[in-house]
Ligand code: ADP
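Take a look at this one chain, the form predicted on its own, written out in structure tokens.
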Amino acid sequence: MTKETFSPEETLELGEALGRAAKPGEVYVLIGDLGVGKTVFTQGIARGLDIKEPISSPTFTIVQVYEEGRMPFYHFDVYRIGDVEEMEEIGYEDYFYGEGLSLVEWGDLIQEILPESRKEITIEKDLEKGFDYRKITVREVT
């Protein structure tokens, strides 16, 4: 599935729709350059999970856990990890194979430990189509 959005609000709404459709134990891998709207998209997913608290990128903590929604939400940002051993140290398998939704920003950096079955979400900008334009592709990987 590929969708185009033309505002942060539309990007948020698309994330919200994916959050509403999420099932326990799923892993979403979010791929995109700095500044493409990964955090806005993630805020939408959290909204779709009925999470009310503010969502920000866990750049320095690697994972942020939210438990107030209809299922736990595990928000990873692996941009700053040195190697996958850091993921092992935080017990990533407990999250990836747990009862919540795991969303991994920059997940393409840890391909070797991602579950075989996952959703890969790529967000791209195209300034020729406008400053707020985003092309968002959701792909099932099995």
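The first residue of the sequence shown is number 1, and the count goes up from there. Bear in mind the structure is a predicted one, so any value in this text is a computation, not a measurement.
Same protein, other form: the form predicted together with the named molecule, not shown, and the subject of what follows.
Contact annotation: the named molecule lies within 4.5 Å of heavy atoms from the stretch 27-35 in the predicted complex, the single such stretch among 82-90, 107-115, 63-71, 27-35. Looking at residue 132, you'd find a heavy atom of it within 4.5 angstroms of the named molecule in the predicted complex. For residue 78, no non-hydrogen atom is located within 4.5 Å of the named molecule in the predicted complex, even though that partner is not displayed. In the predicted complex, the named molecule lies within 4.5 Å of some heavy atom of residue 40.
Residue 137 falls outside the set of residues with a heavy atom inside 4.5 Å of the named molecule in the predicted complex. Residues 5, 6, 7, 8, 11 are the members of 1-29 with a non-hydrogen atom no more than 4.5 angstroms from the named molecule in the predicted complex.
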